[in-house]
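First, one chain by itself in structure tokens, the form predicted on its own.
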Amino acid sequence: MSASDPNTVITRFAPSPTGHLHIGGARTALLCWAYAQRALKEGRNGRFLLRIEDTDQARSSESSTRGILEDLAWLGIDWADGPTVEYNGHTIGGDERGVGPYYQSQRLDLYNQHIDKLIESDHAYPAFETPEELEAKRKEAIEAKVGYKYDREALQIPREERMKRMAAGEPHVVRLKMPDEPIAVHDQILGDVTVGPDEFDDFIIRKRDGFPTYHLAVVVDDALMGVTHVLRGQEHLINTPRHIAIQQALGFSSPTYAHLPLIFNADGSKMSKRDKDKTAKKAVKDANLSTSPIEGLSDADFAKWLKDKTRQLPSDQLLTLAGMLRVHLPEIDVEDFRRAGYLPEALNNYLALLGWNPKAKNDDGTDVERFDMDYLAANYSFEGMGKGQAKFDRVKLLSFNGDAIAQLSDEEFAKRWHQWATSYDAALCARFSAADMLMLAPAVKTRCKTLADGRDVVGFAFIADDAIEYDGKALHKALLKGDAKGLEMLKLFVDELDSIDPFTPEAIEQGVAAFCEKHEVGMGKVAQPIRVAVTGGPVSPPLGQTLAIIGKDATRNRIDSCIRNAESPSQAT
């Protein structure tokens, strides 16, 4: 039985706040949002809700919750129901329907009420085995080379005695009594999947600490919040028969299920948060580091991390280590892509295509691949979803992002670049104001595939005037080749710097043009020697912007330094 009503579509995304939002979770949230938005566009009741599954108290954190909310807001994925967050001057979330709270840790009474109903109806029961006793049985099963299943030993205890022991506060878990019949999952992407009763044991729905497990909480929440469609990764398919069993035991309707293809790396490995840690470990080993270079991380803990494949460093320590070793960590979480300078519209566009084909053509007959959120909301459907794994192609994503940057106006690029620098590059933000970045935008934008690339374009501005490393070939070609006309022009030009006022790109370009006309030389004979002198190489933004970036005093200092370098014996031909 399905809870779906043709006129109502309520989807949900329910992350656990145990770290940054994984890119796979972002794809799930995006498609849940799009499916609900399509219903709205078609005049139906479409809602997307956000719920925080924080019953794992040991691993959940408020900072992770805040990060997930902000990552979703940054992507442009807003939710009608759920925790509220202020982002860019407006509020996202709320409880208009009165079905909250949206944190599972605040819904324990509801879960216990439903667990009590299951126990009273004999669909669940308390079990009193200790973890040690269960572990011993697991070991016996391994030694016997058979799969372990809970043996229902607790049901050998008379029901009245079980109830008394539970009421007396004896430590216990609560297990669901699984039905003896097959359970069918009707999936919108994978088709019908039937699971036999021998494939599941009586699983735990409430732990010894009194908190419900994910399986119980998610079923109760989906039912009470009116969720009609559950879109989630295929790794959850194994859980769905358990959830249907709980729904049947509680008399709930089952939502419509659609299990999305998993996201894998290009080499076929699963795209995991461990990828960053693996990359860092390899870099440390390649560098032959045996002691910790990170403040706050002891040598002993560093050694344990390096030796243990399952141990991971916190994100901030990984970033510090990567910076020290000059190694690039693969982007896995939404925060990683934000830090790397990707645009949300490019990321959304690419994520939507991981497992989905719009099955539409452009006017030239090519497949539709480039689209915005409005297009996705109007066109997303299960019919275009594939069943196989989706490969994450970083080269293709970078191409999407480069194209998205190119389509920005100079004003919008400068705004985005400054926002990015404010969050991720304090030195760049301190060096260039928002107005400076707007001035630089025409030159920088064309050289960027990510916002982070802008730092490389203007990197020469961060070098001390007396620390420029010159490209020898460029210096010789621009200043010394032939009759050394370039060096002569450089000496003459430095004396006329004071006459350029104000020292703006336009005034500088005009001043250089007037200088060339005065000395009857082509622009290249002057511009290129100046460019090499102030940047160390033959490539930079337009000359007026380049000199304006570093300022008049630095321009003079760098030209003087370059002249001394060019006249040194080592540069003689």
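Just so we're clear, the structure is a prediction, and the values are computed from it rather than from any experiment. From 1 onward, residues are counted along the sequence shown.
The protein also exists as the form predicted in complex with a small molecule; that form is not presented, and the subsequent description refers to it.
For N557, no non-hydrogen atom is located within 4.5 Å of the small molecule in the predicted bound form, even though that partner is not displayed. When contacts are judged by a 4.5 Å heavy atom cut-off, S16 counts as touching the small molecule in the predicted bound form. Residue contact check for Y214: one or more of its heavy atoms lie within 4.5 Å of the small molecule in the predicted bound form. The small molecule in the predicted bound form comes within 4.5 Å of no heavy atom belonging to H123.
Checking H114, K445, R242, R232 against the small molecule in the predicted bound form, a heavy atom within 4.5 Å turns up for just one residue: R232.
Taking K278, K149, H236, R311 one by one, only a single residue has any non-hydrogen atom within 4.5 Å of the small molecule in the predicted bound form, and it is H236. Listed stretches are 354 to 362, 312 to 320, 214 to 222, 335 to 343; the contact stretch with the small molecule in the predicted bound form is 214 to 222, by a heavy atom cutoff of 4.5 Å.
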